[in-house]
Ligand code: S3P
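Given next, in structure tokens, is a single chain: the form predicted alone.
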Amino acid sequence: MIKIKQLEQKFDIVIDEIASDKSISHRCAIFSLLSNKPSIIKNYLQAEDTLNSLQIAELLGAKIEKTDEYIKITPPKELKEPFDILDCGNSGTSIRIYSGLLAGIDGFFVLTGDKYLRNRPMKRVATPLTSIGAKIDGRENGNLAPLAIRGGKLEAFNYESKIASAQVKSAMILAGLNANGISTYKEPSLSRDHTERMLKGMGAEIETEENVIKIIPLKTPLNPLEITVPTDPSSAFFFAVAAAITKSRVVLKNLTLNPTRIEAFKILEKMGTKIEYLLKEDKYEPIGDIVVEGNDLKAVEVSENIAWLIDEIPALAMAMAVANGKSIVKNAKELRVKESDRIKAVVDNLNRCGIETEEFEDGFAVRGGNPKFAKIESFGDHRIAMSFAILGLICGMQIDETNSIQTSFPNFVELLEKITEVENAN
């Protein structure tokens, strides 16, 4: 449990200690197994979920060496059948992407996670994988973890997904790299594209045209990764919202500026926040700084490019809670199957804060007002806990369960204490 003290004055700070990007860190651990040479990863996220992905790579035969400057992952000549279950912790990214990799590898694998992950739907990955020859089973006919995978040969495919999901797409791309012919994957709109960018950078033959991907099977191992993981814009966004709602200023350092990752910042701009993007380099990913300066906020409708900002919607809702007018979020039913039902979690907790809301099956409406102190239920969801901690800068806040923050942003509370007082009772 943590208690947030209401902010007493505006802030103007530079933050360069934000957690490394979780999505890219997970992929570094997994994709390194597709090479036959050591990968060097600097700034790998040292959080529970990403360390679990690293441990899974080790159980599959990789050698992991850690120094103060980097992590070195030396893949095995062949991935081996592990002697233990593979624990993904709280990470849907790990369990779904590893499923795509292991479905095409000879051996028996069991993937599981914590009590929250074991209640998240897995058929969105299991169904397309089994349609091309994968053998996957689990609770509720393969919909819930633990998942048991008997890896083997996979058929080439032409698959059209009904959802725009980077996790499902990544799993199918990895399956396609191990299939017996050229495959194509189509999604209704472009989801986050780290997998395509990174695998292309490693030498994979992947052709992309908007939301259609052509995957050519691997003939030889890929080149190893040599990458510095950028700052996570999803984590940095909490402090962008903090500046926006308190009319303060923050400089967020060394973020990926990938267009599929900064859509939430674009929404904040539409609401009236002043934002500047400063590109510094562009190798695997465009990387730079983002300067955020708060201003009067106005209501906004969010209904497009949802796959690009799905994780940031709870934090965006905090800006909506103080904006002038009624904001609406649509086409975001995916929020129902995250670490919690984030639509319900956002609506219920904003109501506790005295903010008027309306719940839809695929989103919600928020009428901006004057939030009040409340005791918040996080539902074991790190993004709900952190979002309402940020809203606490306006009115003070108490959040019941905050251990989940360690899964993605271990130093969140430490950084928040640069702005206001935090009483941590965990």
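Each residue number is its position in the shown sequence, starting from 1. For clarity, every value in this text was computed on a predicted model and none was experimentally measured.
Form predicted together with the ligand: not shown, discussed below.
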So in the predicted bound form, does residue 197 come within 4.5 Å of the ligand, heavy atom to heavy atom?
-> no
Using a 4.5 Å heavy atom cut-off, state whether residue 114 contacts the ligand in the predicted bound form.
-> no
Any non-hydrogen atom of residue 311 within 4.5 angstroms of the ligand in the predicted bound form | yes
Within a 4.5 Å heavy atom cut-off, is residue 165 in contact with the ligand in the predicted bound form?
-> yes
In the predicted bound form, which of the stretches 303-311, 212-220, 279-287, 73-81 has residues with heavy atoms within 4.5 Å of the ligand?
-> 303-311
Selected contact from 402, 23, 20, 408, since only one has a non-hydrogen atom within 4.5 angstroms of the ligand in the predicted bound form = 23
Of 273, 254, 93, 246, the one that lies within 4.5 Å of the ligand in the predicted bound form (heavy atoms) = 93
Counting only heavy atoms, which residues in 192-207 are within 4.5 Å of the ligand in the predicted bound form?
-> 192
